[in-house]
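Only one chain comes next, encoded as structure tokens, the form predicted on its own.
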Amino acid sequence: MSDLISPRERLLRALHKETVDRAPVICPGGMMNAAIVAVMEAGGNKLPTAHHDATQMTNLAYDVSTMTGFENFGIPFCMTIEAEVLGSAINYGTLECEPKIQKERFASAAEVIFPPADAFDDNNRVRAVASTIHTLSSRYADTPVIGSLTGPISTAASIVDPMTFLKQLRKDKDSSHRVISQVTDYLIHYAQLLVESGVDVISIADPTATGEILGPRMFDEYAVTYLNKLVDAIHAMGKPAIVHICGKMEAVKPSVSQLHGDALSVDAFVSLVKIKQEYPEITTMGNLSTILLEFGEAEKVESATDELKNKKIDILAPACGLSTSTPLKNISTFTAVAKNNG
């Protein structure tokens, strides 16, 4: 099988719980962005220019895949597009620093006014992402293209002052549900644009939706409800979805098992073995420490990767967001060991 199966088929098989020769090794973009400084300097395709320019974005996505060994193209390279379209001010960062929310558009959930329904269609950065997906999927049919979305709660907390918003999840549930539900509708529309452009998989990272921040009851009320609304819509489009949840899992593990995603990606300190044992229906993804990748020796990266393989993790990937200063050697060691069937 290993001589015949392509990276695209391998990932799709893994997401559909079908037999594969080995676990795919991927980095989906968005929060898990592998456009590290070493890759950008070597290839000459650099951020922040590539956030806006489809040609540079396409070239950088290709550089990332070929130089790191990750078996996919993952775009975009940040988590700010959705918030920008919905009105927040963005600092586009530098070569070393990813974009950040400079100023949320609204002071409270009750004040949120949404743009026209076609706002994503008219955004230059969205068009650059769509064009990049179309080019990559057309040129490289054997390599899966992953489109990355910021999850509903994280997007909502990027357009409303986050401290106020998190309090309103408890104190003003009507406004909170209105905002998150409408945000989810926009995300569904954005996902549709990505699917129409040729994306193979959609990855959703919702770092604000953690057990530590929300607690079990609000995680179930908000995170599970709206992530499933988004995932169900993506499934209706005929595409699989990966869901990444940051933070510890103990408090919300029963609710996490109710998520409809085709794979669950988690932080490094979460035991994927326990998740596999307790919820065998979950396809596990992760969770090599990004601290190890940034600061560890290649030999320790190799050992940690072998450990994930021995634990039969379904899809191998970084546990969370990669530092732009991560050594290329460590990433290459990770992907090379992951691919070694010896």
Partner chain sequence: MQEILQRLSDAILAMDEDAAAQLAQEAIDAGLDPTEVIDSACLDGMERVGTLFEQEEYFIPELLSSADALYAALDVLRPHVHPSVAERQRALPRVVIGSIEGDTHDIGKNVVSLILSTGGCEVRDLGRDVPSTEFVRAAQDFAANIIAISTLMTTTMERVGTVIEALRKQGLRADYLVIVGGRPLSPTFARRIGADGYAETAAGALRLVRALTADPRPKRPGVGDLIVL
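Positions refer to the first chain, counted from 1. Computed from a predicted structure; not experimentally measured.
Form predicted together with the partner chain: not shown, discussed below.
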{"item": "Interface residue in the predicted bound form among Ser176, Thr208, Thr135, Thr143, criterion: non-hydrogen atom within 4.5 angstroms of the partner chain", "value": "Thr208"}
{"item": "Of Gly87, Gly215, Gly198, Pro240, the one that lies within 4.5 Å of the partner chain in the predicted bound form (heavy atoms)", "value": "Gly215"}
{"item": "Glu82: touches the partner chain in the predicted bound form, heavy atom cutoff 4.5 angstroms", "value": "no"}
{"item": "The partner chain contact in the predicted bound form: Arg127, any heavy atom under 4.5 Å", "value": "no"}
{"item": "Ala117 within 4.5 Å of the partner chain in the predicted bound form, heavy atoms", "value": "no"}
{"item": "4.5 Å heavy atom contact, Lys100 and the partner chain in the predicted bound form", "value": "yes"}
{"item": "Contact check for Glu104, Ala251 and Thr324 against the partner chain in the predicted bound form, heavy atom at 4.5 Å", "value": "yes"}
{"item": "Option from 108-116, 224-232, 161-169, 187-195 whose residues, in the predicted bound form, bring a heavy atom within 4.5 Å of the partner chain", "value": "161-169"}
{"item": "Residues of stretch 288-306 in contact with the partner chain in the predicted bound form (4.5 Å, non-hydrogen atom)", "value": "Thr290, Ile291, Glu294, Phe295"}
